[in-house]
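In C-alpha cells, the next block holds one chain alone, the form predicted on its own.
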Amino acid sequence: MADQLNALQAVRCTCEDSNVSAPIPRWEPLSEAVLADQRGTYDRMRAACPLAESPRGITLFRHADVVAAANDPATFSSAVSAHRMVPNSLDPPEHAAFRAAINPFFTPERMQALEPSLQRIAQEIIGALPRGATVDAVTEIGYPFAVRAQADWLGWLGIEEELLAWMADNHAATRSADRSRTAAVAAAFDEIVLAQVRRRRQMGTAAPKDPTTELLSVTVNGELLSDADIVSILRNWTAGDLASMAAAVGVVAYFLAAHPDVQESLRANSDGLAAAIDEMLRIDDPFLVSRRVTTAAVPLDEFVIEAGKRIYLNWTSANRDESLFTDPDTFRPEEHAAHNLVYGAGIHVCPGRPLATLELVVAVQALLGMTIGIELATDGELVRETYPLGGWRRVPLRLR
C-alpha cells in the first residue's frame, strides 16, 4: 500500500508541472493490503489523487467528481454489465419509464402499512437474543432481520432459510473472484425468484396480494413486464439489499456501542433517528461503489479519462471527502445531511431508500427500546467486511 501511495504522490508532483495530460495513477483495489483497510485506503488515495486505475477500471474518489458523474448519464452510462439489470443498467429515456413503474412500490402510505410487521420481526429477533452474552450484530441481527423483512414484504414467506443459505454462498463466491462460481450463484438466485413468479402465475386470481404479484400486472410503455425484467427488479430488491441491510445494521450497531453518548441521546429521544442512522452510514458507508462506462473522453484535473473506460463511483470515499466533511468521523447529522451519498445520487439514487430507512429505523428502535445498554464485547473479535461491501463482517456485542 505504501508503494501505491508513493507512486501516486510522484505522479501528482510530476503532472502539476506539466501541460499535457498525466498518466492515471495505478492501484489494485482488491489487493490484500487494501482489503485489510478499505476505508482507510480510500481516505489516503483521495488525499493523494482524485482517481486511480486498475485492470478493473478507474475509481473516482472525490465527492464532487462522484456527484458530477452520477448526474451525467449521457457521459457516464450505466450500461456496464453484459446482463440487463432493471433499473440499474438502464440509461435515459428507458430508465425513466421503468423508474416510474417502480417508485409507487415505496410510497409513504405503503411504508406506513408495512411498519407494524417490520416492528414485530425486529422485536422477535432482538427479544430472542441473550442478555449479558456475546452476540454478533451482523449475523444474529442484520442477516435474519434483512431476510425476514424482505420475505415478509415480498410475500416470500417460508423460504427464509433458503435465502440465508444463498447469502452465504454469494459472499463466498464473490470473495473467491471465480467468475464461473459467481455466475452459478447468480443463476441459483434467479431460480429462487422465478419460482415465486411462476407460483403466482399458476395461482392466477388466487395469488397473494403482495409486491411480487403486483409486478405481474405492471406495464411500461403500455406493455406488461417480461419475466426477465420482473426477475431483474426482484433481484435488485433482494440479492443486493439483503447483504447491504445486514452490513448497515452492523455499522449502526457498532457506532451505537462505540458512542454511548449518542446511544443514550437516541434512547431518550428517537425523533432524529433516521437522520442519525444516515450519518452513521456516511461515516462508514458499507455501499462501496457503483459502476459506469464513459461514452466520451472526460477531462479531470490534469488527467483525461478515455471513452469506453469502466468507472467506479466510490461512495465510501466521497462520503468522507474533507472538502465537505472537515472531519469525516465527526457525527453531525444535520450539518452533513445535504451532502450525504449513502443512497447514491443522480437518476439512479436508490428507489428503495424509503424501505431501507424504515427497516433500519425499526431495527434500531427495537434494539434501543428492548435494552438498557449496548456495548462492544471484549471476548469477541471485530472483523471488517471486504469488497463488494464495506462496514463490518462481525460486530460482537453485549446487550443489557
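Note that residue numbering begins at 1 and tracks the sequence as displayed. These numbers were taken from a predicted model, which means no experiment stands behind them.
This next part talks about the form predicted in complex with a small molecule, which is not shown.
Trainee: Could you check which residue among 342, 364, 49, 358 gets a heavy atom within 4.5 Å of the small molecule in the model of the complex?
Mentor: Filtering the options by heavy-atom distance leaves 342.
Trainee: Of the residues 110, 171, 181, 95, which one places a heavy atom within 4.5 Å of the small molecule in the model of the complex?
Mentor: If I apply the 4.5 Å criterion carefully, the residue I get is 95.
Trainee: Does the trio 88, 241 and 290 actually contact the small molecule in the model of the complex, every residue with a heavy atom within 4.5 Å?
Mentor: Yes, all three are in contact.
Trainee: Quick one: find which of 51-59, 346-354, 26-34, 331-339 has residues within 4.5 Å of the small molecule in the model of the complex by heavy atom distance.
Mentor: Residues of 346-354 come within 4.5 Å of the partner.
Trainee: Evaluate residue 150 for contact with the small molecule in the model of the complex, applying a 4.5 angstroms cut-off between non-hydrogen atoms, and reply yes or no.
Mentor: Residue-level check for residue 150: yes, a contact with the small molecule.
Trainee: Might residue 237 be said to contact the small molecule in the model of the complex, defining contact as any heavy atom within 4.5 Å?
Mentor: Contact check for residue 237: yes, within 4.5 Å of the small molecule in the model of the complex.
Trainee: Heavy atom to heavy atom, is residue 248 within 4.5 Å of the small molecule in the model of the complex?
Mentor: Output for residue 248 is yes: heavy atoms within 4.5 Å of the small molecule.
Trainee: Taking the small molecule as it sits in the model of the complex, is residue 99 near enough to touch it, meaning that at least one heavy atom pair lies within 4.5 angstroms?
Mentor: The answer is yes: residue 99 has a heavy atom within 4.5 Å of the small molecule.
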